[in-house]
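Shown next as structure tokens: one chain only, the form predicted alone.
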């Protein structure tokens, strides 16, 4: 028999084992997607395009009008100045991240990940025979540890991934921290992959800050985002990647070779969504409210501690005082409390913690925390 890819067994499954739909009646604190249905207006726009017969090939980078609208939106929202010709619309944000590694990396290159980090990064890196380097963050709020980053640099370091607001930690890096990360990348001549999929979801004093606004940032940053979180369009699989012309030439080749382009009839709907501020802000306000509720509920559970969630829709809980490992805690919470959550030991530097997604309704948030509280108090 022909052999499999030598890397497959080392890639890992990430959160997959704990994302499977649980038995009926279980409160799911696991899935990182809005519980809203995509707005009717956006859905109708896609239906209109199908009925109009907009089902043919289009240019690989994506519809010109969408790239033009996205260029303006990034500038207005986040001061990201990128030409419409330096944008590629991709079949999801994951695909965009993968293109970044594929187009700019080589086997053996090292990628710095601020850990604990979303496990898909590591999987993609291993697929390409590159090396993930998990650099622990400061545990007082999951912000970058610059001393640890300096210690992690080698002659093979090629990338640093920035994900703020962060999955899984909910941290939002300050403007000063992002500026320092750019200076670090310039000092060591690194590419920056800026995964800003949660950029519209920052709840505290710090907001999303683009690396491109600082000296040396624009020419080495790939800005990666999508429609999944802000517009509740996870199943649409629409993302984007933007960056300097030198890098985007490689990204264009990746897209044309692998996917041709994102679905033609979905792109006008994505363009429409960029102007749908009312619906987007409605969801943002809902998640900000849920964030307040889950903090109130978690504060009544004496057996665990938690870090204030600064962005996205995740909160990290410290379960070390229970004496359980992260896996044991998650497995027992599912079987004994009927609550499903993510054990963070699935990521390097995540032991002793679990991730809760509060992308669910307030009734579920209150009930899930009530079940955890009763379960832990009875142990």
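Since the model is a prediction, treat every value here as computed from it, not as a measurement. Residue numbers count along the first chain shown, from 1.
What follows is about the form predicted together with a small molecule, which we do not show.
Candidate site 143, 206 and 209: all three near the small molecule in the predicted complex by heavy atom within 4.5 Å: No: no residue has a heavy atom within 4.5 Å of the partner.
- Task: Counting non-hydrogen atoms within 4.5 angstroms of the small molecule in the predicted complex, say which of 200, 228, 122, 255 makes the cut.
- Result: Filtering the options by heavy-atom distance leaves 228.
Within 4.5 Å of the small molecule in the predicted complex, heavy atoms considered, which of 105, 132, 217, 92? It is 92 that has a heavy atom within 4.5 Å of the partner.
Which of these stretches, 191 to 199, 75 to 83, 147 to 155, 277 to 285, has heavy atoms within 4.5 Å of the small molecule in the predicted complex?
It is the stretch 191 to 199.
The small molecule contact in the predicted complex: residue 237, any heavy atom under 4.5 Å: Result yes; residue 237 sits at the interface with the small molecule in the predicted complex.
Although the partner isn't part of this model, could you tell me whether residue 98 comes within 4.5 Å of the small molecule in the predicted complex, counting any heavy atom of the residue?
No, residue 98 stays farther than 4.5 Å from the small molecule in the predicted complex.
4.5 angstroms heavy atom contact with the small molecule in the predicted complex for residue 159: No, residue 159 stays farther than 4.5 Å from the small molecule in the predicted complex.
>> Quick check on residue 272: any heavy atom within 4.5 Å of the small molecule in the predicted complex?
In response: Result no; residue 272 lies far from the small molecule in the predicted complex.
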